[in-house]
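Next up: a single chain in structure tokens, the form predicted on its own.
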Amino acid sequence: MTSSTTAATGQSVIRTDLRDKLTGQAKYTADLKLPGMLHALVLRSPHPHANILSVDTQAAARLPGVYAIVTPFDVPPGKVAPDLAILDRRVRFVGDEVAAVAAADLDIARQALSLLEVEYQALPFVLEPEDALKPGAIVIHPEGNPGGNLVGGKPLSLERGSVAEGFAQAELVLEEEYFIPVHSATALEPRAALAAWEGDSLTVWKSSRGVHVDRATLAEALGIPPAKVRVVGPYLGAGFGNKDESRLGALAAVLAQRAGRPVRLEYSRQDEFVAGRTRHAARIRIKAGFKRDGSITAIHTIATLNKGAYLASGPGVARRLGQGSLYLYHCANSKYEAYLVYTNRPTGGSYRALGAPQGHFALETLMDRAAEALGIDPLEFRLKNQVRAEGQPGRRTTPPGQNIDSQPLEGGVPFSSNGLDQCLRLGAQAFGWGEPAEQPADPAKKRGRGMSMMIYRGGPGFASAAEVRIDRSGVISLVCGLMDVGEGATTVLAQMAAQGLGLDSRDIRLIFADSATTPNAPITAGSTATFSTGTAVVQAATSLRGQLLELAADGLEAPVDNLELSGGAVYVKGDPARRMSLAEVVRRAASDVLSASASVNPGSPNHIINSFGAHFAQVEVDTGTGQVRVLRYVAAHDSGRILNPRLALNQVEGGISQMLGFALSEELVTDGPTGITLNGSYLEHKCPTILDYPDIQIIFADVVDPIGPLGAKALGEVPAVGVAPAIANAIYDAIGVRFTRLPITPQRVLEALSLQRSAVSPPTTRSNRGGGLIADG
């Protein structure tokens, strides 16, 4: 056993999965093979909206090597989501699932798909929420949806104080509309599932954010007891909050049951772009009122989100989009309304930080405009107006003793910790804010600087559980149902367990992401793993530590409070020669295994737990080509105590790099007349590469959260939130154009510069109070 004399947390230990991934030993779902395994493919709809009248399978079924076919006319009646049947007799976007086949190999499966004869009844379709909400628009989900295409039948509406009173007090009112298009996650690993039956019991290995949630979903869809379903999460090739929310596992399971053999179903790259889950397109109108001294009197935000064909995580996205405008700035009067609308586009679902990047883009670019109109430096404006440690003005509405929502509306509740002021000051100092951007020799290239700040939920999520056990040979195991989605959760949780047991994290065996062998766990989402499951891990490790010390106290003939546990042994303080190994301690127990479990409902009844950040960007705009280069980037974050510095740096660098595409190049384009996705490939969906990544400097505020486990808060999604507004604000500083539409592509830059030079303001532009141009692309 490895001896350790230093704390297990706060160290940049190597990721638990790094060796397997670097050497190619890591097995992803698509790498798994079972004897007799078949390969499945899905037939997808060529229509954006249609009823399926019939599917003739006879020719395909006669093809040698075809073992199973499933259609909407013979599928089990269950659903994998409230509005998503295993297969449906109505298709709702180009690429929607029509039927599936399982065959001996992929070539035969492709041939079988070509032999399926489908009769469609084409229906009218709508691609834009504004059209879907018009009277007389065809209803995309007519059953169980009395509100037509508006999810829930009415908008989400949240208000603190009175925005009407706030605007009446304002001496300056600014209003703007922003548009953010569909954005694909483009993970390297497409979704995949492998299903196998043994009698009436099902095992599914799949791309997953939560094996226990997937087990419940599959059991419900297939109409079998959850005890008969096992879900295993192999290595995941990037989650980004985006896996799975699809029919994948259920289709593989039905095909495997009918074929009597294991079946693997893997999305192609084009399938992933078209039928995976995307970031929601959003049209956001934001209005804010100000006093001449820079204080904010009211913020009113109205967001219309393009849900696409199915619900997925739409309500969560809609809610999180508004949290910045509700809570980032000190303001007594704030209102947020969200319209979540079905259309015949590919489905919007979970994607890193959900709706927060869209909402913060609108909020932080408008606040930059306000600072300019008021004659206040953008940094000073934010230092003056940032939400304070005591939270928002107003009164608490959550009942006493009940945990405070980590996305609150109410006032009168303080934060558990708030390092936003530190982030602003430390980031500005490192960046050299206030110093003019050095201009290049080439007069066609202009440089500018911009910034943004952000707020994000701090980690409390659903009920979480963990078990820590040690056997008579001294093997220590950490057992969690959680799924590591690529962010390194297993590494950090192992460190947290090791901290409580005085061990090196490498001494801990990890048992994760298997619904048959681990306690119930939620999906890995909302940046909750470290806080929520981590709290359970710390409690379980602390409890096991107590048991070990109690047993050792008898053997060492010393009181518990005179014992120390470190380096895989218990010893007497001041007399380390009197010691027992952990294996020797366990052998004094009545059972072969000593264990401790903890189940927690994470959060706080007295505090809001949020993470914060401030980003600073320097860009160079080539006015001849329209190309924007991010030259330098400083990111300052408050995520509480940093438990693994290298992994934390990776999270921030990865979030910023990923969102460069969101800001500058990525947009999933749907053809208006046909509903067809036009750029479903890496070649056409312009993701940034390593050549596009800037120099990134990362700073962590000196904050230890008193409620978070070992002082930690959320980090995984937070860096994605502030990238687009920081870059957009820097572009304005460089060329005097405020963009209200993403991505800010070279073509849009050139068009805006042409309008600027012509000094003509067309309907899509408005004169800014600060003297620049506002372009909506």
Partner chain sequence: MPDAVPAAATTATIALEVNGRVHRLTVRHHWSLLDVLREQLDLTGAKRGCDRGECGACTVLLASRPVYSCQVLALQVGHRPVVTVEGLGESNILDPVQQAFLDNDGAQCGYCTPGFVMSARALLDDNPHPSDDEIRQALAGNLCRCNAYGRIIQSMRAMRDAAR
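Numbering follows the first chain given and starts at 1. What you see is a predicted model, and the numbers here were worked out from it, not measured in a lab.
What follows is about the form predicted in complex with the partner chain, which we do not show.
Chemist: Could you check which residue among 622, 128, 177, 189 gets a heavy atom within 4.5 Å of the partner chain in the predicted bound form?
Modeler: Of the listed residues, the single hit is 189.
Chemist: Exactly one of 300, 160, 212, 264 has a non-hydrogen atom within 4.5 Å of the partner chain in the predicted bound form; which residue is it?
Modeler: None of the other options qualify; the answer is 264.
Chemist: Want to guess which of 679-687, 498-506, 69-77, 563-571 is within 4.5 Å of the partner chain in the predicted bound form, heavy atoms only?
Modeler: Residues of 679-687 come within 4.5 Å of the partner.
Chemist: Do residue 646 and the partner chain come within 4.5 Å of each other in the predicted bound form, heavy atoms counted?
Modeler: Output for residue 646 is yes: heavy atoms within 4.5 Å of the partner chain.
Chemist: Taking heavy atoms and a 4.5 Å cut-off, does residue 62 contact the partner chain in the predicted bound form?
Modeler: No, residue 62 sits far enough from the partner chain in the predicted bound form that none of its heavy atoms falls within 4.5 Å.
Chemist: With the partner left out here, check for me: in the predicted bound form, does some heavy atom of residue 43 sit within 4.5 Å of the partner chain?
Modeler: The answer is no: residue 43 has no heavy atom within 4.5 Å of the partner chain.
Chemist: Might residue 237 be said to contact the partner chain in the predicted bound form, defining contact as any heavy atom within 4.5 Å?
Modeler: Heavy-atom contact with the partner chain at 4.5 Å: present for residue 237.
Chemist: Judged by heavy atom distances of 4.5 Å or less, which residues of 320-341 approach the partner chain in the predicted bound form?
Modeler: If the 4.5 Å heavy-atom criterion is applied to the partner chain in the predicted bound form, 320-341 yields nothing.
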